[in-house]
Every structure is written in C-alpha cells, then in structure tokens.
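First structure 1, then structure 2: two forms of the same chain, each alone, as structure tokens.
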Structure 1
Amino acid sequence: MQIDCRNLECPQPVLETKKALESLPEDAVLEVLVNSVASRENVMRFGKNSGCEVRESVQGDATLITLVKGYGCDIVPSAPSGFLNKTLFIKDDKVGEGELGGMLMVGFLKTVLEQKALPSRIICVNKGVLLTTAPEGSDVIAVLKALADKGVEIYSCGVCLEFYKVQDALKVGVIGNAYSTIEMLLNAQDVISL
C-alpha cells in the first residue's frame, strides 16, 4: 500500500500513517510519500516506535518512507535513573516579556540542569521553538545541549518551526508533531508549563 502525504500539515501525515498501518496485516509494507523535513522525521519516528522496520529514499523533491510492519527489533533501553516522569512544556522563548523574560527562561533552564533528577523531556511549541533554534554559542543553546547530553529528550514542534521559518536552524533535539506531543503529555506523570 502507498499513501501520499505530501503537502499535508502536521499531524496529518502521522495520523494517515497510523490509520494505514492499522488496516494492514503483519509483514505488510506501507510506503508513505512526504515532502517536508518535519513530516519525514515524524513519520519515521512513528514507524520505529510502532515496531516497524523503516527505510527512506529520496524521490525528487519528496521522500518515500517504507515501513515494514512487525519487523522492528530494536532493543528499547531501560529508562536511566535520575529522570522523573515529568515533561517541561515550553510555549514561549521567554518567561514574561522583554529582555528580563529571556533572562528568566535561560535561568530556569540552567537551574533544571543542576537538579539531581531531570525531566524526561522538554517539548517546545509556538515561540518556544525559538529556544532550540537560537544562535550557536548562545547561553540557551549551551544549556539545552547540556540537558540533551544528560539524556533529556527535546522536541520542537514541526509546524511551529515552519511558521517561524527556522526549520533549518534547529540546533538541539528533534522535530516533533502534534500526535506525539499529545501522547507524551497524556502519558507524563506531571507536565510543567512555561
């Protein structure tokens, strides 16, 4: 089966992939055609998380993702100690307004870095994606990279990256989507919104 998800907005490519996979028997092959970086990353991650073998090939200005249902065999690492089942949900690049708001956000993130137990993940949406796309060498990129190095998963909304035209400036973490964001928020023990 092949589905064409070109020009569909997030999370539609993931939702169409999920629906198609659910209709197929084990061992079936699903090909998904996408034409944005966010859709490619999100569909590939969804396929891997769903236990599929995932391959990609470039088809002109699009990417053909091949999912083989039921053949994923990656070993899922156990959750490392030192992590809480908490998610930081960041909707802005500032806490409050102006220069002070930017200083507070960097200060909060640096303080998170110093905690004994870290949040499992950070999800950046809306202007929050301006944190993960800030200039290289900035304080916020340094602290986010340090959190990622310690194992904190960092996601930036794909639609938001495209809206602010910074999809090629992502410095840390991976591109997320509405489907996985809602799934992570619903499964987190606690969500802290900034």
Structure 2
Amino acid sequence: MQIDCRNLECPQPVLETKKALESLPEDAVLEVLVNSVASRENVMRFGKNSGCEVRESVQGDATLITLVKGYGCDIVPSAPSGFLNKTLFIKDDKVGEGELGGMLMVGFLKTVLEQKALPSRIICVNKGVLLTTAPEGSDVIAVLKALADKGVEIYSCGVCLEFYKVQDALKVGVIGNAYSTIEMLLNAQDVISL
C-alpha cells in the first residue's frame, strides 16, 4: 500500500499514516510519500515509535518512507550452547504440601541436572530463597551447587532473604533485585514457574 502525503500540512501526514497502518495486517508494508522535512521526520518518528521497521529513500524532490508493520521475526536473545533460554521461577521451597513437597523439589532439581540442555537461570523468590540458604551439606544445596557449577545462574530475591532473615546464609548463587528479576523474566523465551 502506498499513500501520497506530499503537500499536506502537519499533522495530516502522521494521521494518514496512522490510519493506513491500522487498516493493514501485521507484517504488511506501507509506503508513505512526503516532501517536507517536518513530514519526513514526523512520519519516521511515528513509525519507529509504533514498532515498525522504517527505511527512507529519496525519490526526486520527495522522500519515500517504507514502514514494515510489526516485527518480521522475533529476535530472541540466544542462550549459550547447552542451555535453553528458559528460566525456572521458584516461589516456594516445596512443590506442593508437606514433607513430600520438599522431597519433590529436590527430586525435580536433580532431574533438571540430568538434562542435556539446562535452563539458563533459576530465580528464587519468597520461600524459594529457603532453598539457596539451606544448611551446608543438604541435598538441595548439593544439587544447586552442581547446577551452578554447570553454568546455571542462580538468583535469590534480596527482599525475601531479608524477610526470612537468612541473608547471611546464602550458600549458592547471587542476590537479585526486583528490577533484574523482571528483566530476566521478560527477556526469557520461556519461564517455568514452580
């Protein structure tokens, strides 16, 4: 689709572009012809800020702006080889209730350890931090250390460590904060919540 916005006063070119983009499906290409600095800058600014891929080319006295709607392909931050771009998000020191829950958690982590491709990172929040602060020599610390040795990044929520008064008992991994936690969760291709 091409629209001719030559000789239109600001903000008309942007409004026409907006209308046209909205009428097009994802991945569609829109070409906008403009012939003033303000129109060119404004349409390109609008395109970039609406998540389009934007290119410009000179066409005689005018500029043709090409906007590719949506994203042609998803750019996923690549995980180091041997790792899946997955995050384990652990909110409790048990999987389910009681003693069984505790055993299941250790068993689950052990099984993870045996996988060919490991999750890139483990984030422990709330009671999950009781895993990374368990007594030295316990099964869970042994498993987590083995994971860490293989390169899995392990983060424990700082606020949670303080809440449970175990900030001095961290045995494995590093202290994370809310900002980096959310950033990691958003950037991970998949988050597996426990």
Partner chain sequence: MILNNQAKLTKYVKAAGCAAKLGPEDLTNTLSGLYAPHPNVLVGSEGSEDASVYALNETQALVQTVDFITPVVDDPFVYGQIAAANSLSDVFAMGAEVLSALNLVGFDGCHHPRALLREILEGGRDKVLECGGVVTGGHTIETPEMYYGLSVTGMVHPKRFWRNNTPRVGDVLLLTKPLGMGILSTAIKADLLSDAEACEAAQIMAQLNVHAMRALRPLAVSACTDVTGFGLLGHGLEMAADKVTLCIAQGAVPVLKSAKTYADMGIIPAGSYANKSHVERFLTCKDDVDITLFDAQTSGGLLVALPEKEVRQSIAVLQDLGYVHTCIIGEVLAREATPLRVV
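Numbering runs along the sequence of structure 1, starting at 1. Only the largest set of C-alpha atoms that superpose within 1.5 Å between the two forms is called the rigid core. As the structure is a computational prediction, the values presented were derived from the model and not from experiment.
Peer 1: Please let me know, 1 or 2, which structure is the form predicted alone?
Peer 2: Only structure 1 fits here, because that chain is the form predicted alone.
Peer 1: Compare the position of the CA of Glu26 between the two structures after a rigid core fit and state whether the shift reaches 2 Å.
Peer 2: Yes: Glu26 shifts by at least 2 Å between the two structures.
Peer 1: Tell me, please, whether between the two structures the C-alpha of Val14 is shifted by 2 Å or more, with the rigid core used for superposition.
Peer 2: Shift at Val14: 2 Å or more after core fit.
Peer 1: With the core lined up, does the C-alpha of Val54 move 2 Å or more between the two structures?
Peer 2: Comparing forms between the two structures, the Val54 CA shifts at least 2 Å.
Peer 1: After superposing on the rigid core, how many Å does the CA of Val43 move between the two structures?
Peer 2: Between its two positions, the C-alpha of Val43 lies 38.7 Å apart after core fitting.
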